[in-house]
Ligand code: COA
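In structure tokens, one chain follows: the form predicted on its own.
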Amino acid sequence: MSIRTGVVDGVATIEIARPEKKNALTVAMYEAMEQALIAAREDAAVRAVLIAGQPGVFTSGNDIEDFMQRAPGQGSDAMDSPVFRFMRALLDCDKPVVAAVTGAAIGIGTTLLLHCDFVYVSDEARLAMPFVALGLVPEFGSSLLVPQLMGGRRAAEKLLLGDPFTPEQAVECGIANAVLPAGEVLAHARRVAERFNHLPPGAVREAKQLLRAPQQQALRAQIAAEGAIFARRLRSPEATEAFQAFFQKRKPDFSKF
């Protein structure tokens, strides 16, 4: 299994553990992460959740071959696919979620951070959301949240051009809390998660709910709207060309579109 889970000292850890594939996410991995989040929410012994990758890589995003073989359906079927069920499980997690990010965080590797309560990145981290370059559109509410965080023009650089950004820029715009040396990120993130062992859990859950309540309806609506377009675009000629170019190790040619 490429997702390792466990509970130690009140912290439920979800570790993305597929370094030989740069932690690319498969359908089975999304299902495992969804179930781990649900279990953490239901376990009274769990006070916080820690999401981490491997040294040098958080996740390179979707495993494109696996994703295309089991791509989300269209319409309501899209929102019932494993990736969208994982999204809902992270949105519904009423306990604090801490992310430890080293190396690359690409695509959903960046957008999932928007829904964590604490994010610590290494000085070697590289974040990017190259959806449009693949003939797709932003997902996981990023088309709503990223402009709110960094303004429309800088959001256009990140979401339309797919420009990567540095760990310092992630802190500056509010996606991350702090930049740390790579070897210190995981331990620091765990210490933050363990602090919730000493706080009243009911107050923590209700405070988190209040922090997120003002835009929950708009966020869920935006995720659904993005998901419908994303699922349709997966089957578009532009996405087909982008994915074929990826597998053939060449630059895509969009001149005919």
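The first residue of the shown sequence is 1; numbering continues from there. These numbers were taken from a predicted model, which means no experiment stands behind them.
Just so you know, the form predicted together with the named molecule exists too; it's not on screen, but the next bit is about it.
This chain is displayed alone, yet in the predicted bound form one of A228, I38, V46, I64 has a heavy atom within 4.5 Å of the named molecule; that residue is I64.
Interface residue among F118, F131, F165, F84, judged by heavy atoms within 4.5 Å of the named molecule in the predicted bound form: F131. Contact annotation: the named molecule lies within 4.5 Å of heavy atoms from the stretch 102-110 in the predicted bound form, the single such stretch among 102-110, 181-189, 166-174, 143-151. At the 4.5 Å threshold, heavy atoms of R233 stay clear of the named molecule in the predicted bound form, well away from it. Among residues of the shown chain, A24 is one whose heavy atoms approach the named molecule to within 4.5 Å in the predicted bound form. Though the partner is left out of this view, E20 does reach within 4.5 Å of the named molecule in the predicted bound form, counting heavy atoms only. Taking the named molecule as it sits in the predicted bound form, the stretch 237-257 comes within 4.5 angstroms of it through a non-hydrogen atom at F246, F247, K249.
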